[in-house]
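We begin with a single chain expressed as structure tokens, specifically the form predicted on its own.
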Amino acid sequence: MRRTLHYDAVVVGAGVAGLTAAARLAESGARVCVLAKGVGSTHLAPGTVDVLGYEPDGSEPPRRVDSPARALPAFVAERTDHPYALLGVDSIRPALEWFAERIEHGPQQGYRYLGEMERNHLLPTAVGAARPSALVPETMAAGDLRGTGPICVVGLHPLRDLWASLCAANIVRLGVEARAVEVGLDVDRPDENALGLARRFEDPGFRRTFADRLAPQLRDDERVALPAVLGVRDPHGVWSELETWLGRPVFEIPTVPPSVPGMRVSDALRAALRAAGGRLVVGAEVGGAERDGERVTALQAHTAGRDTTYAARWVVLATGGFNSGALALGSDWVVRETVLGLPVRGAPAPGARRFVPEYFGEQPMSRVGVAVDPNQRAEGLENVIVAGAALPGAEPWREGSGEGIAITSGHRAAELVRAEEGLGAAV
């Protein structure tokens, strides 16, 4: 027997956009439920907030942006179909401030994000490339490549997700003095991943032993770069204690998934949702919708071995794009939205080129998303608002804009519903 649950808003997707929209709505007094197939994209992302890192202008690689605040007006003026044009540049800053506040007041005591739209940090990646990011965890901020002091990249044996010598060599190519060392760790598994090590680093005895083994290998003026494994529940405590013991700046470098910094973001946004009375259902796959004219009245989902109907006045669709399976390209070369069967926008015309052979090139299919009106409503529907990577018009990977779009569009989606429903101001 199918059961029916009633909410003011149902959010589909538990990535940054979905959790932002849901938490913001719940804080306004709405009854909110998040439906998610899995844990969301946070566990794959590096945990930084990239608002605008590059401005694709025909050059390869694209021109790096030093100040998103200065670059965005011209960027939007030249790209009227971009999500930032839809959302409005003025909506970015309050959304980022909301996000930073939720991290600071989240379950990881003392942990916070640093930065602003006026200046990008320039952080090293796991292969030693430079990544521009507007907001970064405090545990990464000392890695700004424009900072002072050489860098010692520390490889952790047996972690295979950061090759310290490769990372250091590429940092040197960027004009920053760097070298690599390796520290062996006492772990049971020969293939320990970042999450496993992050849990081990929350043991004071384990990190004390690590610090004692690393300290003799360091030079006086070096910053210490570590894989992003400095705790899941208490990253501030782990990081600050290592800085004290080693007597120098310490910073994390994001590695391949599972992303520990991304998990911290997910934990903080989920905590904000729960604190405001919202609900999250993981393992819920939406398989259909009930409609009344131009309104979606309910979503049908399969979860926990049973079918459930989630009735709601509003739906926020934050399901992502091709990577998540929310968009699919069929054998007939037609792009389809797979959750609600919504119209899409941005697909190449029939017969036009869809892909290019250059790996870093501008892929014609990359800008496809759900067709929306100026208020983020899905085309033809009054109460379905689209957020995050499901929006058309962006190239987040080439622009360095994914997290900025996700947070801003999720925040604005909640504000649009709040205004329509006359909900109270969010706390």
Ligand SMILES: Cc1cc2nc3c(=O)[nH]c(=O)nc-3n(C[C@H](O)[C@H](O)[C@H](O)COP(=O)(O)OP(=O)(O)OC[C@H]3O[C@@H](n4cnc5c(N)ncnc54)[C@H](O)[C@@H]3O)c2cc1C
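Worth saying up front: this structure is predicted, and the values here are computed from it rather than measured. Start at 1 and count along the sequence shown; that's the residue number.
There is also a form predicted in complex with the named molecule; it is not shown, and the following applies to it.
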Next item on the list: Indicate whether the named molecule has at least one heavy atom within 4.5 Å of a heavy atom of Leu35 in the predicted bound form.
Entry: yes
Next item on the list: Considering only heavy atoms, tell me if Ser401 and the named molecule come within 4.5 Å of each other in the predicted bound form.
Entry: yes
Note to self: Using a 4.5 angstroms cut-off on non-hydrogen atoms, would Pro46 count as touching the named molecule in the predicted bound form?
What the structure shows: yes
Check: For Val39, is any heavy atom within 4.5 Å of the named molecule in the predicted bound form, or not?
Finding: yes
Margin query: Within 4.5 Å of the named molecule in the predicted bound form - does that hold for a heavy atom of every one of Glu285, Asn323 and Val339?
Written below: yes
Notebook entry, point to check: Which listed residue (Ala413, Val16, Val10, Ala23) meets the criterion of a heavy atom within 4.5 Å of the named molecule in the predicted bound form?
Noted result: Val16
Next item on the list: Determine which one of 147-155, 112-120, 184-192, 313-321 lies within 4.5 Å of the named molecule in the predicted bound form, judging by heavy atom distances; exactly one does.
Entry: 313-321
